[in-house]
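Given next, in structure tokens, is a single chain: the form predicted on its own.
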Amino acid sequence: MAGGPSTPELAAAVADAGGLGFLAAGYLDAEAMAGQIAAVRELTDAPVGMNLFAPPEDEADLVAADDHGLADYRRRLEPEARRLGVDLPTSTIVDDDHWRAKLDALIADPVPVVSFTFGLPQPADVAALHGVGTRLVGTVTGEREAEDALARGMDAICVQGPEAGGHRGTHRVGADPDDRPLGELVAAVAEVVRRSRTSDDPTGTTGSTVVPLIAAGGIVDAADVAAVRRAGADAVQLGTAFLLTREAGTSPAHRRALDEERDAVSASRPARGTTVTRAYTGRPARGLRTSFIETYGHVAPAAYPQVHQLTKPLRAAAARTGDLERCHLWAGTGASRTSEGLMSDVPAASVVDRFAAAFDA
């Protein structure tokens, strides 16, 4: 929930209600991240985690922007820039989102839990974070990534299904995300964890540490919770369900779109629905359908963060003017499936309470 929706107030409210609130370090530098940590510590004494974007490890994800067709995509977007009165950047770079500085800051001033998306930390960084008492969570979208997360020493694994809103946490920018439903992915990753334990302890008698599984993606009601628990999940992670809470930093345009989607679904009127696109950032991400996605989704290159940088002025101008057809409106499938999962201006604690009751049922 980087880029605005995640706030210290939201993380603290979730933590105080008995959940594990998370802050989002994505798109922030180390100083801004530290400011978020300081702010949440003023609000709560409960544990709060931090999520980081991991930089690419594969050389194929580090090639020059021109090799990704960025110049052609920029030409296609020029009419949109003129319409919104903004200039598109003439160059883009592959950056690491201040990765090293953030890790150093979290080692110097630890938080209880750090989670990673888009990849995993190097073994030396895992050891350093473990050395200051931090538990680590790796986001995975399939079995191979789960194997890598176990090999890197993650303390828990977040299994992110295709139903999830926002970016899919694939470890390769150009990878086509696994489209198996969340329950199937959880069951498949649970089997990976089981095999790993059996391999480490063939007799099954030494009490090897169990790596908990967290299910994420499209979870909006008790039936969703029950389904992922049956598949092997130990916990659930929520994003879209918090977007309309009063503590979230969701933009007014984004809130309006979600309100309209909820109202349409409740009234059985045609709704936008959600889809996965690279149009806004170059990485697969799920959001409400827009004309921008329909026009550019099929030609957007698999280049992150270059496409994110390229479209940033467009998205900012659209958000300022309330132009929903050009905004990125991240949301999971639950936004279009039921109105129960999206209540406007409710306290985040009420969302935690509702899902805690579902989890304990």
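Heads up: residue numbers just count along the shown sequence, starting at 1. Remember, it's a predicted structure, so these values are computed and weren't measured experimentally.
The same protein also has a form predicted together with a small molecule, omitted here; what follows describes it.
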If contact means any heavy atom within 4.5 Å, which of 125 to 133, 103 to 111, 277 to 285, 158 to 166 contacts the small molecule in the predicted complex?
158 to 166
Select from the listed residues 290, 237, 245, 170 the one whose heavy atoms reach within 4.5 Å of the small molecule in the predicted complex.
237
At 4.5 angstroms, heavy atoms only, are 140, 304 and 307 all close to the small molecule in the predicted complex?
no
Contact of residue 119 with the small molecule in the predicted complex (heavy atom, 4.5 Å):
no
Given that the partner is absent here, does residue 228 sit within 4.5 Å of the small molecule in the predicted complex, heavy atoms only?
no
Give a yes or no for residue 53: in the predicted complex, does one of its heavy atoms lie within 4.5 Å of a heavy atom belonging to the small molecule?
yes
Can you tell me if residue 257 lies within 4.5 angstroms of the small molecule in the predicted complex, counting non-hydrogen atoms only?
no
